[in-house]
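Next comes just one chain, in C-alpha cells: the form predicted on its own.
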Amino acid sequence: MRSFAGRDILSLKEFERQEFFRIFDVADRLKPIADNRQNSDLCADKTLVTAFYQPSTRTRLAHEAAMHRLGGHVTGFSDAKMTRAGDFYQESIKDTVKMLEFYGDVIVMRHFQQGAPHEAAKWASIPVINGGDGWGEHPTQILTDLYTVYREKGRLDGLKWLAVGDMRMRTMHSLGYALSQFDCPITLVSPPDMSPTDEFKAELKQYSVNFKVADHVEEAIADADVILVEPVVQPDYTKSRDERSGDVSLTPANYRITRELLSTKAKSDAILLHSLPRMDEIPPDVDITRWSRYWQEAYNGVVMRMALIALVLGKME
C-alpha cells in the first residue's frame, strides 16, 4: 500500500480498497483526542492553509478544528474576495498556490471551478486536499460518510445504499467512485433534470459499481441499510457565491425523507446521512429519530480530517 506522506487527496478514483481501511484505522486511533475535547501536540510544528473560494461551514471549520486538535496552526482565507484572486487582479491558481506553499505545510482548497485543486497540486510542493471543486468531487466528505457507516455497522461490504438528491453533485461523484471498492449495491433517486449524466453512468459501469436508478424514494427505501440524502434545491456550484433572492422552491415529495416514511417503510436499523446544509428534504422532526446520523457524521468529519492531515504530513504511517 502506498504511503500517504506528502500525498494529495484530490479524488476517490485514486483510492484502493485497503487505503480506506488504513484511514479508518488512523481515525480510530485519533478519535479519543476529539472525544475528550483535548488537543495533542502531534502536528505542533505544522501549519494548515485554507484556500476557500466558496462558502463553507463544515468542510473549512472541520479541517481547522482537526488541525487545532492535532496541535497545529491554521492560516488562510474563507472568501476569495478578500484576496487578489477575487479582486481586480484575478490572480491565477498557480500564482496563489506558489505563495500559499510558503505559508504552511498542507493546503485545503475549495473552489467553484471543477479541477481547481488538481491544478493547485501541479504547482504546490506541499500536499493539497480537495475540499470540494464545483461539480467535481468532495473526497473528504465521502470518506467521512464511509467512516460513519463503518463505525455504526462494523462493515461496508454487503450494505445496500440509497442515494437521494442531485446526482450531478460532487458528493455523489465521490460516493460512486468510493463504492467501487466495496460490495455495496446503490439505488439513485433524483429529479429527471438532476439524474446521473451519461458520462457518470458510464464511469460507474467502468468501475463495476452495482447501481440502478429509481424515480421515487418509496421504491427503494425498504431495502436500504444506508440512506444518503442531498438537496435537490441547489445553488449553482460553478459560481463563487450564489446570491439568488426571492422564494426558493420546496423539495418535491418524491425526494423528501419524512418521519412517517422512515417509520412505515425503512428498516429499523437503517441509518440516515446528510452532509448538510439542508433545505426541507429532511424535516427537523427526523433529527431525534433512531435513523438520523447526520450530527454524528458532522462530528466524524473532524476525526476524519485529523486522520488525513496526520497521514499526509507523515505524522502517522
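All values reported here derive from a predicted model rather than from experimental measurement. We number the residues from 1 along the sequence you see.
Below, we refer to the form predicted together with ligand CP, which is not included among the displayed structures.
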> Thr50: heavy atom within 4.5 Å of ligand CP in the predicted bound form?
Replying inline: no
> Just to confirm, His173 within 4.5 Å of ligand CP in the predicted bound form by heavy atoms?
Replying inline: no
>> Just checking whether Leu42 would be counted as a contact of ligand CP in the predicted bound form - the rule being heavy atoms within 4.5 angstroms.
In response: no
> If you check in the predicted bound form, is Ser56 within 4.5 Å of ligand CP, heavy atoms only?
Replying inline: yes
> Can we say Lys13, Gln181 and Ala202 each have a non-hydrogen atom within 4.5 Å of ligand CP in the predicted bound form?
Replying inline: no
> Taking the partner as it appears in the predicted bound form, which of 158-166, 210-218, 136-144, 75-83 has residues with heavy atoms within 4.5 Å of ligand CP?
Replying inline: 136-144
>> By the heavy atom within 4.5 Å rule, which residue out of Leu261, Leu276, Ala65, Ile33 makes contact with ligand CP in the predicted bound form?
In response: Leu276
